[in-house]
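Shown below, as structure tokens, is a lone chain in the form predicted alone; questions about how it binds or moves come after it.
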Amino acid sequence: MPDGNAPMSSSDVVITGIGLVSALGEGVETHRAAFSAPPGRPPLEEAAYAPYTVHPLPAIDWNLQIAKRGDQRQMETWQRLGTYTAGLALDDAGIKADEALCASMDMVVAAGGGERDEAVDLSILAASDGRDDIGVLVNEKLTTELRPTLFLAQLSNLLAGNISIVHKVTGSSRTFMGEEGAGVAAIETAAARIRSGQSTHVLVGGAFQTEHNDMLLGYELGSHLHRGRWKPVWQRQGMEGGGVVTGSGGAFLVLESREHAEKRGARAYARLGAVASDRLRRQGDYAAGLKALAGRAGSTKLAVSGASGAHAATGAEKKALDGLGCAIRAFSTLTGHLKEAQFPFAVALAALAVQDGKAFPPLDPGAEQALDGEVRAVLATAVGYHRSEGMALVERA
């Protein structure tokens, strides 16, 4: 098992900035404190979307990272959230105020498809009752009910565009779309660019706003959402619904080559080691496939798991990691499932554990093992509730 003592190289990928927002609050220290002394019951919204529960956004003063009100107004909430969280990461890395570093910085974003205008959707459904010319009706509504800018606001790469406008990050930009797999691809791509010498420093991450009926509908069309009273991730097996409890939040990281970070005198939380991804067949012995994926990344004695609670995927992940002798911390118990931001969030928490040199205490003592002793390497995971898997080894820098 890796122990964090692998030879150092100038092309190592190190994590020098972390931006986090979840129902627990915002910032590195808020989350470090929350996971070091887990609340018995995390922040929840149980009435607004019943029978579903969500982990809501905390109160956020958007002005702290998005100074212009005009910029704020033209963004949907998920875009404001991503832009805000990216600013936290840039501040944390000591890059935000350096125009030259921002201008040469590349960006890789994991994003969803935007928020629908629910009022217009409902008006189309109401107007369609008794009409046969649905195509004509839809065209009428498109030209009279929707702002032209709304179409642009749905583009996934608008999050990256807003980050560029607000924070002046104007190097190359890539956007991946598609649930947990997007977050995995974003981290994997950013790390590969640095290792190959194509990039020296990259802003990478994603954001998800679940407090919107169409976002919950996307999960529930596949029967993925947990119903009824909230339970920690590992306790949802066999309960009504699909097991997933969603949350609003974001996670962005600043990744740099070791050489670039050292030249500017930046401190590193941790080194990002191997990143392994796949789209495994979920028939047969799925746990064996996950165990092999962990072997590709480099399994160790602690895993920060992005387990969503989805019955089959979460059960298989626990079986695989238990088989490797890993103590597991399923952070979604406190934050909810963050979709595209799930894997960046897992990597960020793994980096904090490595920096502290110790495991967070169990978030669900009945299902998670205590782990004493020094922690020098952590496995970060994201096993998609429906598809896609990713794992990364995060080591002492």
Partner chain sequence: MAGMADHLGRPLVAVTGIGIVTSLGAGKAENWTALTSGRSGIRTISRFPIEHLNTRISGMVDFLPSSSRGATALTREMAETAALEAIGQSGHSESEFGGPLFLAAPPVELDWSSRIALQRAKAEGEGMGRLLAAARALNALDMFDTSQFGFIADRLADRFGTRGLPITLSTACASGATAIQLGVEAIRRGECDRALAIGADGSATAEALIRFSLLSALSTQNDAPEKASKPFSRDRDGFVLAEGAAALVLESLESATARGATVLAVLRGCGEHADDFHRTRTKPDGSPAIAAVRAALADAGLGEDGIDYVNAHGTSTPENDRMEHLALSTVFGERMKSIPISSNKSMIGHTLSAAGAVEAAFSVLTMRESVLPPTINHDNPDPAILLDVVPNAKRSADVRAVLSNSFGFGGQNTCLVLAREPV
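This structure is a prediction, so every number in the text was calculated from the model and none was measured. Throughout, rigid core stands for the largest set of C-alpha atoms superposing within 1.5 Å between the two forms. Residue numbers count along the first chain shown, from 1.
What follows is about the form predicted together with the partner chain, which we do not show.
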Open item on the list: Quick check for you: of 155-163, 284-292, 308-316, 259-267, which stretch puts a non-hydrogen atom within 4.5 Å of the partner chain in the predicted bound form?
Closed with: 155-163
Open item on the list: Looking at Leu142, Leu324, Met239, Ala274 here, can you tell me which has any non-hydrogen atom within 4.5 angstroms of the partner chain in the predicted bound form?
Closed with: Leu142
Open item on the list: Whether Gly178 contacts the partner chain in the predicted bound form should be assessed with a 4.5 Å heavy atom distance threshold; does it?
Closed with: yes
Open item on the list: With a cut-off of 4.5 Å between heavy atoms, is Pro58 one of the residues that contacts the partner chain in the predicted bound form?
Closed with: no
TODO: Would you please decide whether Arg279 lies within 4.5 angstroms of the partner chain in the predicted bound form, comparing each non-hydrogen atom pair?
DONE: yes
Open item on the list: Just checking whether Gly94 would be counted as a contact of the partner chain in the predicted bound form - the rule being heavy atoms within 4.5 angstroms.
Closed with: no
Task: Partner contacts in the predicted bound form for 72-98 (non-hydrogen atom within 4.5 angstroms of the partner chain) - done: Gln74, Met75
Open item on the list: Rigid core superposed, CA of Ala288 - does it shift 2 Å or more between this form and the one not shown?
Closed with: no
Open item on the list: Could you check, with the core superposed, whether the Cα atom of Ala126 shifts 2 Å or more between this form and the one not shown?
Closed with: yes
